[in-house]
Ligand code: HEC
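Single chain ahead, by itself, as structure tokens, in the form predicted alone.
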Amino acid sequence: MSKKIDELLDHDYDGIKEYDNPLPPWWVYLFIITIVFSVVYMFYYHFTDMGDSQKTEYTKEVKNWDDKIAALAAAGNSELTYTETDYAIIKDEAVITSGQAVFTKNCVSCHGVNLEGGVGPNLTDDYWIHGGKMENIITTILNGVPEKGMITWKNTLLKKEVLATANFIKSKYGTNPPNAKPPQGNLYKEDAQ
């Protein structure tokens, strides 16, 4: 079988000419496969009840997690409940280092490496938007501040990670890092706890 000779079309545009060569067969077959796949996909997900829509999948996933959390809460899981003993400040170096690791991984982008603030507030001064007590810090970490862009961490972090992070934040109180963000929130003194 001889190779087909390249054929030029009889039109040109500003001296640019175009060949009239067929596409490679693998490309044509791939194109046909994508068309067939799209028809099957549309039929399966949009015209029958065989496949779940994105909205249905999302609703199922949310319900699944809500059920898991409710089951854990009903069983009295200590991961979901915080008591007065959890609000005690721990000065253990291992806990602080663990909290620093969690903070570095999740919080630095908004609060800065030295907790000086950036998008988020400065966490080393006497001013707190959502309260400076250990209980307030833990609650803020757990529930986030969605209206200001801080996500909730209660479904992502373990209880020990939340407590370690809160203790790390408390350990940095009064460190006065360079380039600290101006005070935001209400005045809170550490000895008032």
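The numbering used is simple: start at 1 and walk along the sequence shown. The shown structure was predicted, so the numbers you read here are calculated from the model rather than taken from an experiment.
Quick note: we don't show the form predicted together with the ligand, though the next part is all about it.
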Given a 4.5 Å cut-off on heavy atoms, tell me which of 26-34, 58-66, 128-136, 39-47 is the interface stretch with the ligand in the model of the complex.
128-136
Would residue 106 sit within 4.5 Å of the ligand in the model of the complex, counting heavy atoms only?
yes
At the 4.5 Å heavy atom threshold, is residue 120 in contact with the ligand in the model of the complex?
yes
Is the gap between residue 141 and the ligand in the model of the complex 4.5 Å or less for some heavy atom pair?
yes
Going by a heavy atom distance of 4.5 Å, is residue 149 a contact of the ligand in the model of the complex?
yes
Enumerate the residues of 143-166 that have a non-hydrogen atom within 4.5 Å of the ligand in the model of the complex, in sequence order, or give none.
145, 148, 149, 150, 153, 157, 165
